[in-house]
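Just the one chain here, the form predicted alone, laid out as structure tokens.
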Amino acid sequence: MLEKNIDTFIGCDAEYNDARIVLFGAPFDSTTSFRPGARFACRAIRTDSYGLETYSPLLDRDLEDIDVFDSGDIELCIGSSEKALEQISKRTATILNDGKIPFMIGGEHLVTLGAFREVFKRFPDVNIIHFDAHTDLRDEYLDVKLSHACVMRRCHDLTGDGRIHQFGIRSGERVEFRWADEGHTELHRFDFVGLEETVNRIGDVPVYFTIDLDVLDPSVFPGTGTPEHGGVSFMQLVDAIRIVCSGCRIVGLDVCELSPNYDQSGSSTAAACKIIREILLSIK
């Protein structure tokens, strides 16, 4: 059983045995290729979450009415990506073994691989729904296969073709787009068109849901390591989250790539907090 964290996300202070969803932080950004700082997101999100209400007027639901346990941040090995991924996998395995849903707060996007490895062991038919500005489908980046630029390619090594569904994608190498278009992933450019059809087609198959917050336009969300213009609005993202979380059998999920120091207004961190609240309240 995991120990209770002192500093929790607002409304996420249930007892571990009572909780259906367990939060944990993965403060890691060692492979960030442009602007580092995502390792500071977990603490910033918890602190700034207290600027939120626990109630969502959009969903008419309240965090006080559900049981979520915040297990705190993992103390990750910053110098070794593989070791950090192993530590993330271990925390994920503990949560899954206790019959709960792991919800990871990153960190850079490579952390998804650590959690997904354990989810895949338990649910070998799992699909991934991936919101992002970037393809993340490179086989290697600067001769490194464990990179945030390669995370969906490494997940594909496990799932094989047709089980990774990507939305909001608007940046990547030409070879990545062509590789996806050959049927390796289902890649939707720029927005969430086709999301409802994808969710309906997946049906009751287990889903791992990963959100890179740079799917948002930088005018909405400048606090990220690799901002990419042409993104979706906040409400477009919230509507898409509701479609996925209410329509899919979520067995694990994460939110990644807030770099709070690049938005001194705090608006990006506030957006991340609200997105996490809406996710928690949308999971069926």
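Being a predicted model, the structure only gives us computed values, none of them experimental. Just count from 1 along the sequence shown to find any residue number.
Although not depicted, the form predicted in complex with another copy of the chain is the subject of the following passage.
In the model of the complex, D143 approaches another copy of the chain with a heavy atom inside 4.5 Å. In the model of the complex, another copy of the chain sits within 4.5 Å of a heavy atom belonging to E75. Another copy of the chain in the model of the complex is approached by G79, whose closest heavy atom lies within 4.5 angstroms of it. Proximity of F192 to another copy of the chain in the model of the complex: non-hydrogen atoms within 4.5 Å are absent; the residue sits far from the partner. Contact check for N97, R122 and P206: none of the three has a heavy atom within 4.5 Å of another copy of the chain in the model of the complex. Looking at 157 to 165, 196 to 204, 124 to 132, 80 to 88, the stretch with residues near another copy of the chain in the model of the complex, meaning non-hydrogen atoms within 4.5 angstroms, turns out to be 80 to 88. In the model of the complex, the residues of 3 to 17 lying within 4.5 Å of another copy of the chain by at least one heavy atom are, in order, E3, K4, N5, I6, D7, D13, A14, E15, Y16, N17.
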